[in-house]
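Next up is one chain by itself, shown in C-alpha cells, the form predicted alone.
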C-alpha cells in the first residue's frame, strides 16, 4: 500500500487517540478534509494492508494493580532464536517478545519477553513454570523487574 499525504494526516490524527465525541471519525474527517465514511474506509484499508496493526487503548497497567512487571532476557543460541521467539511470543502471558542484538562481552541476551503481574513472587513462579514447560532450562536468562515509570504511551510518528 502506498500512503498519500492524507493518509499521513489521518495517522497523525488517530495516533494520539480518538476524539471523545459521539462521532470521532467525523471529527477527524473535518480536520483533514474527509467525510466520516471516508475516514472509516481509509482506516479499514490501512488495517487490511497491515500499515496499521490494530486500534486499541494504552492501559496504564500500574493503575490496574500490575506492578510486578518483568522483562525476561534470554541468551538463546542463534539457531533456536526464531523458533523460541515465535513459541514464547504466542503465549498469552507474554505481552512483548522481540530480538535484540547481543552486546558482548557484557550483555549476551538476544531475546526479550515482557510479563506483567500483580505480585513479584507470582511472576517469578510463573517464569519457573515457563522454563520447565517450554524446556528452557538450558537457556541462560535474567529477570529484570521494572522500577519507577517515567513514561508510557503508544508510539507517535511525525
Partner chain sequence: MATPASIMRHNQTKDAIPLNDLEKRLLNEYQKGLPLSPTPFRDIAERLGTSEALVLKILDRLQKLGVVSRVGPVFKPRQVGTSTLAAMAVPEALLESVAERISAYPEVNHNYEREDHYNLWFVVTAPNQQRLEQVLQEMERETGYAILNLPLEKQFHIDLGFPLWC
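Numbering follows the first chain given and starts at 1. No experiment lies behind these values; they were computed from the predicted model shown.
Beyond the structure shown, there is the form predicted together with its partner chain, which is absent from this document and is the topic of what follows.
Using a 4.5 angstroms limit between non-hydrogen atoms, residue 100 touches its partner chain in the predicted complex. In the predicted complex, its partner chain sits within 4.5 Å of a heavy atom of residue 51. None of the heavy atoms of residue 30 is located within 4.5 Å of its partner chain in the predicted complex. Contact check for residue 60: a heavy atom falls within 4.5 Å of its partner chain in the predicted complex. For the stretch 35-71, the set of residues having any non-hydrogen atom within 4.5 angstroms of its partner chain in the predicted complex comprises 36, 40, 43, 44, 47, 50, 51, 52, 53, 54, 55, 56, 57, 58, 59, 60, 61, 62, 63, 64, 65, 66, 69, 70, 71, in sequence order.
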